[in-house]
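A lone chain, given as structure tokens: the form predicted on its own.
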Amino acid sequence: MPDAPEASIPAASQRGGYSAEARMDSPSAEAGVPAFRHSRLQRLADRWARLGFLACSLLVVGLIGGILFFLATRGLAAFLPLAGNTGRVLSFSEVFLSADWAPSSDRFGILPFIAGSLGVTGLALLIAAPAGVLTGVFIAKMAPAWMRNLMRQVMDLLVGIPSVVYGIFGLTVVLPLVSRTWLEDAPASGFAVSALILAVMIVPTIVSLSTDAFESLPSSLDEGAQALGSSRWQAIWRVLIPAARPRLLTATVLGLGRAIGEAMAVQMVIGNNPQWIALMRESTDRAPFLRALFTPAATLTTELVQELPNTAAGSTWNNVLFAMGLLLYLLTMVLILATRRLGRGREA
């Protein structure tokens, strides 16, 4: 029978742990490697770094909340008797369900601007989303290395171009070209040209994010689909695009967020006519579709840029314009949150 000290096993070793003697007998200890210990200065630096990270996070949250609070207090003054409100209190139906915008006559219906924003961004997204996704497929899966690098640099360059440059290009090149081609030298403005300019602006964003989405997919998806007999296009359409769909939705929404908040480029080509709905109703042209596309219109952003500097603070006109800004803010926030939730559901 063996001696008791040799047969006994320390309780710490039975639980999978190590005693102090075992740690001293470890190879690291025998090699003379010192145990890692935090000095007081290092612990203090870690604590301050943690506080710095927390402060930066709270600053971002505070900025978002502060912008929302400011817009809410100024925008809701159009509907509530808040402090500093020098104008009359309006009803929600009078503002959001009316198409009559005439501030000089005390009428503040913003329905034309809501419809204009949705129309322009919808048309731009119909053009930019398919083009951006398909270009991302080409760059990630089909283009040779030299072309892939060149197109990435071109996309980065297009993203950095100021929006006013796009507006100048649309005003001096696209509008005269469209006017001579389809409208028989009639003035060209409205939804079609604005949507085209916006599509050119948001395509680089969608292309860059779509390319990253396809490049992040495992190569086994593409190889497996082709090994099962799929053609190149079938593998892309039925395997790669569904696998990258959550990130493609994110790319589309980021492009949409830029489009719906764009003001300068759209203002230069859309025509800035708040009464565009009434103008379309009175139109008797033989080509109503062209008239709808090229009717001078207005959006939420263009109206804010054009009229907000010319209104008195606290007046009804000024409060309604801030309500339009609050609507833009909430629309963008809800759209991004809903798309992220949808993307998580599809990934699951």
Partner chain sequence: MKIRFLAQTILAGLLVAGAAQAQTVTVMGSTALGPIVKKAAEDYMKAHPGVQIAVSGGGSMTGLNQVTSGGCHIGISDVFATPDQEKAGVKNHNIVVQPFTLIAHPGVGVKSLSAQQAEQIFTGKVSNWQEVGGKNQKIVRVIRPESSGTRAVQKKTILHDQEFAKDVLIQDSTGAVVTSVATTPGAISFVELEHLEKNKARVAGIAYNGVACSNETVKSGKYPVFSYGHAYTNPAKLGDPKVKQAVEGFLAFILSHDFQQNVLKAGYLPVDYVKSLKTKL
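Numbering follows the first chain given and starts at 1. Remember, predicted model here, so these are calculated numbers, not experimental data.
Missing here is the form predicted together with its partner chain; even so, the following discussion is about that form.
With its partner chain left out of view, which of 275, 135, 250, 73 would have a heavy atom within 4.5 Å of it in the predicted bound form? Result of the distance check: 275.
Within 4.5 Å, heavy atoms only, which of 193, 90, 201, 268 is in contact with its partner chain in the predicted bound form? When its partner chain is considered in the predicted bound form, the option within 4.5 Å is 268.
In the predicted bound form, which of the stretches 98-106, 235-243, 155-163, 141-149 has residues with heavy atoms within 4.5 Å of its partner chain? Residues of 98-106 come within 4.5 Å of the partner.
Can you tell me whether residue 174 touches its partner chain? I mean in the predicted bound form, with a 4.5 angstroms heavy atom cut-off. Output for residue 174 is no: heavy atoms all beyond 4.5 Å of its partner chain.
Give a yes or no for residue 121: in the predicted bound form, does one of its heavy atoms lie within 4.5 Å of a heavy atom belonging to its partner chain? No, residue 121 sits far enough from its partner chain in the predicted bound form that none of its heavy atoms falls within 4.5 Å.
Tell me, yes or no, whether residue 189 is in contact with its partner chain in the predicted bound form, where a contact means a heavy atom of each within 4.5 Å. Contact check for residue 189: yes, within 4.5 Å of its partner chain in the predicted bound form.
With heavy atoms only and a cut-off of 4.5 Å, decide whether residue 57 touches its partner chain in the predicted bound form. Taking the distances in the predicted bound form, the answer for residue 57 is no, it never comes within 4.5 Å of its partner chain.
Candidate spot 46, 52 and 64, all three in 4.5 Å heavy atom range of its partner chain in the predicted bound form? Negative, none of the three is within 4.5 Å.
Contacts with its partner chain in the predicted bound form - residues in 309-323 whose heavy atoms fall within 4.5 Å: Sequence-ordered list: 309, 310, 311, 312, 313, 317.
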